[in-house]
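Only one chain is given next, in structure tokens, and it is the form predicted alone.
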């Protein structure tokens, strides 16, 4: 039997009543898809799922992780990275240090992408990088920096487009070896990030729905890509407001290519292609 909106709202209500997790402002459509997959994977119906999360705290935590897991990849959407490389980062060439927050970092490929770019631009040593997610399992993957090669082989083309090639000058080509940043072991089917990247990031658990900035400073760049599409309009705008408050003047917000700022919060940002800069208001 298909899930009804009442089923989903009941499940959200139960989770809120027995835990600290609040999904009331998630997109019903996106949330329903996640629950449908969970029911199939666990061979349960919605009633059995509700009963099990009530009785089993460990299972509850696993379900929350299954709900919140997001996919990412190395240099996802190269055109966005072209904007960051050629339009955003030159603004910080003379800044003594750069604070960067990856909010909803998932398994960390985006974090490593940014560090690779920063290193190529000579900015890594003066960058302070922070990454957060509600899902501690995916952050553990990010910390380890070890990925399945067969799932990531296509991402090497992304690396080439962003790091080796120049979309504004096709004659320019930098022969940057992959080995500078990660080791590929085809026998073990792994891509492993090099140690000098692993130790540069501070990871913290963070609930974007319920928490604001958990750090004691503002940021020059905030990444929050392909996270907000799972939230409803009201929650999205609340978070856009929070990001605005926690960006330095003329700081940048990077969203997913299918995400945009609408409504009153849009007045607080200047849209610059695929990224947003903070207006001083």
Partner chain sequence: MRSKYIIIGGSAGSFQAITKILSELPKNYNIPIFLCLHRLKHVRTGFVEALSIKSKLPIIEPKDKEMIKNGRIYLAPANYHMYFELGNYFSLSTEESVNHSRPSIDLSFLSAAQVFKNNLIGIILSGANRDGALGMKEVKDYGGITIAQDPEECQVKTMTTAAIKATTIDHVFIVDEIINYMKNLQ
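On a predicted model such as this, the values are computed, not experimentally measured, just so you know. Positions refer to the first chain, counted from 1.
Keep in mind that the form predicted in complex with its partner chain is missing from the display, and what follows is about it.
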item	value
Residue 213, heavy atom within 4.5 angstroms of its partner chain in the predicted complex	no
Residue 73: touches its partner chain in the predicted complex, heavy atom cutoff 4.5 angstroms	yes
Close approach of residue 241 to its partner chain in the predicted complex, 4.5 Å, heavy atom	no
Distance check, residue 30 to its partner chain in the predicted complex, heavy atom within 4.5 Å	yes
Region of this chain that lies against its partner chain in the predicted complex, out of 231 to 239, 244 to 252, 49 to 57, 215 to 223 [heavy atom, 4.5 Å]	231 to 239
137, 189, 120, 77 - the one with a heavy atom within 4.5 Å of its partner chain in the predicted complex	77
Among the candidates 178, 149, 203, 155, the residue which, in the predicted complex, approaches its partner chain to within 4.5 Å (heavy atoms)	155
Heavy atom contacts to its partner chain in the predicted complex at 4.5 Å, residues of 239 to 259 in sequence order	256, 257, 258, 259
